[in-house]
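Read the single chain below, which is given as structure tokens and is the form predicted on its own.
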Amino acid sequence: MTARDVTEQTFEAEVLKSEKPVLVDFWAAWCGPCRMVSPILDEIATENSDKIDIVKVNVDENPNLAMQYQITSIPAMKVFKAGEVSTSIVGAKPKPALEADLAAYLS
């Protein structure tokens, strides 16, 4: 399972109204660190599909979402729980560090 793309049109239904926590990866095609973290997030999504959904928002194609959630540098990841941001992670990190940041949702 890989992280699926979410747009301004689908964000509310797929993220804000989700029953389980959703990690939103704010990224852009030109961002090297974003490309480094993407396969790690895909792995976490596959291994924990029953606990957390992982989606991607391209900030170039969805500037209103980037502005609404104050994305000033990428990669930026925000975990939404019950429609609210509950955790923010900024920057590319190795898998163990990301899993540690997400431990509350993965256990």
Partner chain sequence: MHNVIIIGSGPAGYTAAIYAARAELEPIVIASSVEAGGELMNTTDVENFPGFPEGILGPDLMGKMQAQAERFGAKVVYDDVDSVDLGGPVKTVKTMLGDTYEARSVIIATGSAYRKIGIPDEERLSGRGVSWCATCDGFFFKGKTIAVVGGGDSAMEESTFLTRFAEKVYVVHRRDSLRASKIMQERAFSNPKIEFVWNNEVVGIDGENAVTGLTLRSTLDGSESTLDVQGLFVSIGNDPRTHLVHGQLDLTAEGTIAVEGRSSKTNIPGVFAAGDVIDPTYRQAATAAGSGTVAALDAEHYLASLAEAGEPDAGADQLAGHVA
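These numbers come from a predicted model, not from an experiment. Positions refer to the first chain, counted from 1.
Below, we refer to the form predicted together with the partner chain, which is not included among the displayed structures.
*Asks:* Identify which of I74, V55, V79, I44 has a heavy atom within 4.5 Å of the partner chain in the predicted bound form; exactly one of them does.
*Replies:* Looking at the other structure, the residue within range turns out to be I74.
*Asks:* Does L16 make contact with the partner chain in the predicted bound form, using a 4.5 Å heavy atom cut-off?
*Replies:* Taking the distances in the predicted bound form, the answer for L16 is no, it never comes within 4.5 Å of the partner chain.
*Asks:* Give a yes/no on whether G83 approaches the partner chain to within 4.5 Å in the predicted bound form, heavy atoms considered.
*Replies:* Heavy-atom contact with the partner chain at 4.5 Å: absent for G83.
*Asks:* Is A92 part of the interface with the partner chain in the predicted bound form - any heavy atom within 4.5 Å?
*Replies:* Heavy-atom contact with the partner chain at 4.5 Å: present for A92.
*Asks:* Let me know which residues along 9-34 have a heavy atom within 4.5 Å of the partner chain in the predicted bound form, or say none if there are none.
*Replies:* The stretch 9-34, when checked against the partner chain in the predicted bound form, contributes W30, P33 at the 4.5 Å heavy-atom cut-off.
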